[in-house]
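Shown next as structure tokens: one chain only, the form predicted on its own.
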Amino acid sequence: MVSRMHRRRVLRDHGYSYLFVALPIVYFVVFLIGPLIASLVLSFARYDFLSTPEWVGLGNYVELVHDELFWTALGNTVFLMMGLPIGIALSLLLAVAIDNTDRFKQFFKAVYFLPGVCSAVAMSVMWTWLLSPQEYGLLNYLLHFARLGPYNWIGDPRLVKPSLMTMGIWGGLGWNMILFLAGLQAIPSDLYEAAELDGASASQRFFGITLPLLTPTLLFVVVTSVIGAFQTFESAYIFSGSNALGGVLHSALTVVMYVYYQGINQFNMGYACAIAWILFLIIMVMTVINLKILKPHDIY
């Protein structure tokens, strides 16, 4: 009896607190956990939105193994990830340069971070204008003065993936730079002062102090960048246009675009869920590998 009265008193005194806590939990269950479980169940079924799901067991996954378009999309996605080391290295160099700058530091932060707050669709449209093979394409216009081109940057199967990779590097530069800047400012300055007294050069301070102490930040940047690269959609979709799946020879087809194509265009929702779960497993394996390689717990 006393316990029941105590619970009622606690509920009366902290009812609003429980309500505020419950709302995010309800959102998480309804919009994240629920669809996640539903997609797992549908990946073992054939479902077209209109008829009752038909259980096919591992049929979608077996079909996926023999699907050439899926392997093309996965190969293109992996190709785009080759730009990640370049983008991360450039972000780190920019962060170090800005951190050692005394003037216009806030200006450089704002300029380089600007792409990070812009819509991916807007940036993709801007890049299609920059790389357009027509006369108004800015890059081809500049190359014209060097008697080069014009090149079909977004229509040639040999050039579209490097173009997407370049756009991805540019788009993630500012965001990763801000993360590295936060990590740099958390490093105690007395470590650098002691290293300078010991006669350490700039490169020795960077590889002996900066880089090891930035490992947790580097791990976060690598993991989020890999996940973001596997989820490439907007830029590839806009580059390839609406005429073909992934443009000429499916050269811009990515895994997420293929999920969209199967689920929304073909109403093959069960097969799309199977692709999405394979993508999830690939991302999880890549994340575990990154955690094993960087091992931040061995440093701190």
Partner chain sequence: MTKRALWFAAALAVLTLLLAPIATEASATAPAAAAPKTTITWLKVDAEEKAEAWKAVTAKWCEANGIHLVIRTVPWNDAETKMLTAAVSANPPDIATSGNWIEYGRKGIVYDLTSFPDFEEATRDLVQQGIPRFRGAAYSLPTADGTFMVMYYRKDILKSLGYTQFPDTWAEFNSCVEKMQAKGMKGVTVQWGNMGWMSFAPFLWQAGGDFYSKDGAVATLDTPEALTAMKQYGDLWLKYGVDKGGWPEMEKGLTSGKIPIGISGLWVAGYLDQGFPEMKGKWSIAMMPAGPSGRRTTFLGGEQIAMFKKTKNPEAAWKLIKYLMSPEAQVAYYKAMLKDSLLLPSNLKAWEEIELPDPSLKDALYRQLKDSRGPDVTVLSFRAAQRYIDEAIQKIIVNGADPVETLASLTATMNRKIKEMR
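For the two forms, the rigid core is made up of the largest set of C-alpha atoms that agree within 1.5 Å on superposition. Bear in mind that the values here come from a model prediction, so they are computed numbers and not experimental data. Positions refer to the first chain, counted from 1.
This next part talks about the form predicted in complex with its partner chain, which is not shown.
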{"property": "Answer range among 151 to 159, 167 to 175, 206 to 214, 182 to 190 for contact with its partner chain, defined in the predicted complex as heavy atoms within 4.5 Å", "result": "151 to 159"}
{"property": "Partner proximity in the predicted complex: F267 to its partner chain, non-hydrogen atom cutoff 4.5 Å", "result": "yes"}
{"property": "L69 within 4.5 Å of its partner chain in the predicted complex, heavy atoms", "result": "yes"}
{"property": "Contact test in the predicted complex: I33 vs its partner chain, heavy atoms, 4.5 Å", "result": "no"}
{"property": "Contact flag, M284 vs its partner chain in the predicted complex, heavy atom cut 4.5 Å", "result": "no"}
{"property": "Whether Y16, F49 and L249 all lie within 4.5 angstroms of its partner chain in the predicted complex by heavy atom", "result": "yes"}
{"property": "Single option in G228, P85, G116, P133 placed near its partner chain in the predicted complex, where near means a heavy atom within 4.5 Å", "result": "P133"}
{"property": "Threshold 2 Å Cα movement between the shown form and the other one at V285, rigid core reference", "result": "no"}
